[in-house]
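Just the one chain here, the form predicted on its own, laid out as structure tokens.
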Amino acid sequence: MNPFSSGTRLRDMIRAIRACKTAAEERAVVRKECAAIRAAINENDQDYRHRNLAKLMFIHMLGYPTHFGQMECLKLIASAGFPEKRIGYLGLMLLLDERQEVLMLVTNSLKQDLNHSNQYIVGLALCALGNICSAEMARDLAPEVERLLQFRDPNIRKKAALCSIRIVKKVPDLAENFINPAATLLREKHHGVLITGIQLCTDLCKVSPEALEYFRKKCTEGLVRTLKDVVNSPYAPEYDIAGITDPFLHIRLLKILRILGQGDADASDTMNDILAQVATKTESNKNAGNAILYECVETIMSIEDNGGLRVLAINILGRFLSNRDNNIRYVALNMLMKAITVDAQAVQRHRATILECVKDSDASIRKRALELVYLLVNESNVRPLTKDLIEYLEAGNFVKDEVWHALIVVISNASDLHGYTVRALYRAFQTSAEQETLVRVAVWCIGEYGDMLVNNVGVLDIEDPIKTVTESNAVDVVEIAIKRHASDLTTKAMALIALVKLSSRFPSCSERIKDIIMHYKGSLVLELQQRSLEFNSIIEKHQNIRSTLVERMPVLDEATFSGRRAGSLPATVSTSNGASLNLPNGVAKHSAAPLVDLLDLSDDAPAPGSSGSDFLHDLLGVDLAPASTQPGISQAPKSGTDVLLDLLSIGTTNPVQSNSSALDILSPGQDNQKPIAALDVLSSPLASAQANSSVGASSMIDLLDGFAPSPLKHEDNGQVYPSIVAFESSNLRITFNFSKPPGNAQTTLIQATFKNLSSNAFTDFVFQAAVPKFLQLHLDPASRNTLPASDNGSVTQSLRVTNSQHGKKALVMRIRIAYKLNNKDMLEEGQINNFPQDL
């Protein structure tokens, strides 16, 4: 017999394919076999049709195309015999999916087989329908499947329930047809039917609120009785696993009770007793028992409040933490992170066990335990937990950046522990200098609080004695960190910032620090080279402003940081005496909000640093992401703006197209402003440059070594555009008038007019603005910095905006206005998005 004829047995073809030594030989065998099968299909060979389809399924599993055999599936399904139908339905499930149009042709055959007198053929049709059912097939065949839920044979009822799940997911509108039949299945004695029935009810509850209410009222008590019978049932060998009767049924029952009890106090009360019984009677020495206990804890934490049960559930998780199995401990730590939002006090009782997990040999457990310890920190335990966190930072190489970012936020807020923290980190550095995360936090703290380390400020009773630390010792730590071969770019950048801060705090070490910084002036890493040159310029030429630039970091806003991590920062709030009007452009905001909010622009041009990780990088002055260049924008050479940004340790920023002034990114318009606090600048991803006319301006020119801002030249304003009210609150109204210079469609000239609506005058008036990366902004100084009361005068300021995406993207701008009202600092913010369309 020809080894590749249609009469070849399946095993012979498999043997021939496996005997191939190369992929080319295999392809040749498959090609010949497919040719023989095509010939048999063309000849309508009925004797070997089922054998040919079996071969096609094997070829399909090897990854070769078999679409030419799809119609053979339908022919076999239409056959009268069970063997042919079995191969036909198997091929249908394997070779086709619900997206194939040819599947519509099989609907009639499925309907006939679902009504067949042979229950095995009915089972084949249910299996196929449950695997490849489309929405159209679900609507056509739902009545037959619903009828089969009451079939006499339990195997058919089980398959019908599984098929019903597929139908309900495909067409949720059909859910109401299955509610009563599904409720009937919950009274089954056959465990297989009962499990599928419970799963069907679970899915019905998810897609239909009516089904959820029905099962809550009619079936909760019955499910509780069923669970009680299973828990208390005697030994049954057909269902026993590790001494537990049918743990799969246990888990399905607990899952549906969780859904029924969530948000319903009556249903929760009904199941409290049985949940307590499951939690106390289930053995935890086997995996099956642990699975049931975990589902029981999930259910207890999800249903309505019962303090005693929740304490019991958290105690079970505490026992899990002592288990030798790493998987069980990891699951327990994950669950405790959810439970802490529900009952923090109960979780606090297991703090010692959680801290032990930080010492675990498994890095994933240490990582999860550290995250949980951070969540446990509160006012009452901050001292011991901070001590433990610092000691366990040896696990730092395995935690996410958000963890050490968060630790720095905690340290910043614990002002009475700054001295203790920097001393503890100094000791830890001496023994664990190879831990990257520990090194970063230690370098940051020494840069901020190095004087506290040297002067032993804020010594606590619980501290171990420490030998005297000199200024030179503190600089040694930063020098070791920056010269470590294993230190990455972020750590070295942070070390350079710490050194320039210490140069002001430790004048006696200033020359040594300068030498260390200058060591990197020829670094191949541009970031380090740039920082080295700029920081050296600060130390050598600008000692009059150095102390201001490197003053201590302000307290970091923990709530803001947490909100940015979760992506849920609230909208702006007002601190002004009057309520802001509900205008689309104007809202007022708390003055303590970080400057990064000003850059939180529209979705099409997101501001850098909007995530928690980037925010902390910006705060630390180590935003090392490479600058991206917008298509179509030519990158200008390094300008005075760039020098200023780098001198203020902002990290790599987007290139500025014009060297006109530092106001292109974020510009206030007030004259005679005080020098900028460098650490305020570090709290935003982009620098805020002041347009100063006297001392501030001359300092900036010195700082930039001659890069002075160039004034904005006013040109003939061409076409006139309608003016808009850009911002309005109870105190202030801003009006924008627009014009364009002739022959330059990309540039828009804006004349901003500010009017005081309150009964008191504004002093120290400053206007700031920020735009997305595809825009370039230039601000002239404001006409004055006082604004008369009651609309008796105005302040004007000129803006120039260049849109590199003119005709594609509209203008958008975030603004911030600061002023003093009755000697009280006021701050208002808003977003302007109603610019005329043709700008």
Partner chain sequence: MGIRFILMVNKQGQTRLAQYYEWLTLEERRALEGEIVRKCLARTEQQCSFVEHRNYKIVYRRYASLFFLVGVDNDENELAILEFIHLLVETMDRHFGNVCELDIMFHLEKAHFMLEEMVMNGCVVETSKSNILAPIQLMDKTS
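Positions refer to the first chain, counted from 1. The shown structure was predicted, so the numbers you read here are calculated from the model rather than taken from an experiment.
Beyond what is shown, the protein has a form predicted together with the partner chain; the following relates to that form.
Taking 199, 747, 487, 282 one by one, only a single residue has any non-hydrogen atom within 4.5 Å of the partner chain in the predicted complex, and it is 199. Put simply, of 440, 505, 158, 423 only one has a heavy atom within 4.5 Å of the partner chain in the predicted complex, and it is 158.
The three residues 10, 94 and 290 all sit with a heavy atom within 4.5 Å of the partner chain in the predicted complex. Among heavy atoms of residue 163, some come within 4.5 Å of the partner chain in the predicted complex.
The shortest heavy atom separation between residue 19 and the partner chain in the predicted complex exceeds 4.5 Å. With a 4.5 Å cutoff on heavy atoms, residue 262 does not count as touching the partner chain in the predicted complex; it lies far away.
Although the partner is absent here, residue 363 lies within 4.5 Å of the partner chain in the predicted complex, judged by heavy atoms. The stretch among 324 to 332, 134 to 142, 342 to 350, 178 to 186 whose residues place heavy atoms within 4.5 Å of the partner chain in the predicted complex is 324 to 332.
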